[in-house]
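Here we start with a single chain on its own, the form predicted alone, put down as structure tokens.
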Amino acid sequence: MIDSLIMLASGAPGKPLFSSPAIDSFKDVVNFWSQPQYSLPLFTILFVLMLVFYRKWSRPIPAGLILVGFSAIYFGSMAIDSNYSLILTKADNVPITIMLFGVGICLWTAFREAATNDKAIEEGKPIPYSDRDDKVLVWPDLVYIELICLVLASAALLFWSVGLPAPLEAPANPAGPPNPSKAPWYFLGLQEMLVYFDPWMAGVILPGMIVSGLIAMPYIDTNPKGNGYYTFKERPFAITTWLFGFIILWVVLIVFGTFLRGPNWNFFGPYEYWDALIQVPLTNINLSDYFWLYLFKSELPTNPFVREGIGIVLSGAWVLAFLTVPWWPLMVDNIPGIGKVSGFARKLFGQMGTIRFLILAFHLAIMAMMPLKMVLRWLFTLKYFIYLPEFNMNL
């Protein structure tokens, strides 16, 4: 049934239903700007605009127009490109569509409530629904709700399993692995991180930092504002930091792994054919190579710590900059923008104390290193800041 709908939408296998020079130009533009060195900054700009103008776009009419426009482009592109149709209708990728719309609905709900509450706080009015009695009895209220959710979820899973065939492939064969070989959709962000970091870093340290950050969050963030009601104005730093890690550094990476990563783990535009014969040369260079071979025109030192000294110093300085931001010299406050960061960090330090602030700053340093490493890989083909194969320790 689904295959028939795909053929109907595409006109014929491999041929889009609609095609014209204007549509082809549109697809070329989208494919070009989908390259990660362009698309990640664009996603980041959209993320900032979402936070700055949350009171405007969260209104019902603008939010509805955004939803209709996104849906039209997201699903309508199936009619103009068969490659995109194959990606979007693949059984493995259905959860991605559910995730994108689910995240969007949750964001709209939160920011709509936050806009309403922030406006009431500014006007000195009580927060809407703050005086209501939210007491709910387990029986019958909660049990009925859980039963209804159980029935609806079971029905949805039943129709899903009948309408879409299970994505079962041939038995595992190490002599002929699938190309591309992708993890389950919820691990695609982790698999994307493996491109830029060693397995011990992407598979152990970074996920461990996520878990430790979630564990430490209630002890680090003791601000009582926002408890029991949505707000953004009273919690801008906490909400921005958390959403940046979730949306930009996780959801966007899942989208990259789903729509843009093709054979040989190369980047392809959403409207490009996944050609397995395309070979991208691996020209990634370590920071020590840039430093010794290109800057000083000399051979790499035999001592590994001397060879990687510049990377060790710069990586340590990066972490130290986050840990010591409250103690930056006061003269730095004269630099536009930097003074605000330094002053805000001193305020946080005064509220949290030394231990909690250092834990927060260390987690922020590691989180910020991830997009930095990605951008440097795309722009300068930088592979590692620190390359110590002697100790199986690369960063």
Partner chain sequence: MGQTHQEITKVWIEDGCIVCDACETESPTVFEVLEDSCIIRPSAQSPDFTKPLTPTIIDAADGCPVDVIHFETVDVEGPEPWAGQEEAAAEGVPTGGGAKKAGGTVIPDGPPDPKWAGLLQTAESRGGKPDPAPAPSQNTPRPAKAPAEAIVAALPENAPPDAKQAAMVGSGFTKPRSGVRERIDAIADRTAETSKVTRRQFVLFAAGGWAFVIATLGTWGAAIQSFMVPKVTKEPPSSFRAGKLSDFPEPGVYEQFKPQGVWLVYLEEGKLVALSTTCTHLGCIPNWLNNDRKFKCPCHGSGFYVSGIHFEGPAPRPLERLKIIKDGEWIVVDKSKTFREELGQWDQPGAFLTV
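Residue numbers count along the first chain shown, from 1. Remember, it's a predicted structure, so these values are computed and weren't measured experimentally.
The next section is about a form of this same protein that is not shown, the form predicted in complex with its partner chain.
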query	finding
Contact assignment for its partner chain in the model of the complex, among 298, 179, 71, 161, heavy atom within 4.5 Å	179
Heavy atom within 4.5 Å of its partner chain in the model of the complex - residue from 302, 283, 154, 324	283
Contact test, all of 209, 232 and 350, partner its partner chain in the model of the complex, heavy atom 4.5 Å	no
Stretch in contact in the model of the complex with its partner chain, which is absent here, among 90-98, 137-145, 168-176, 232-240 (heavy atoms within 4.5 Å)	168-176
Residue 191 within 4.5 Å of its partner chain in the model of the complex, heavy atoms	yes
Heavy atom of residue 195 within 4.5 Å of its partner chain in the model of the complex	yes
Touches its partner chain in the model of the complex: residue 290 (any heavy atom, 4.5 Å)	no
Its partner chain contact at residue 266 in the model of the complex, heavy atom, 4.5 Å	yes
Residues in 364-395 with any heavy atom within 4.5 Å of its partner chain in the model of the complex	377, 383, 384, 387, 389, 392, 394
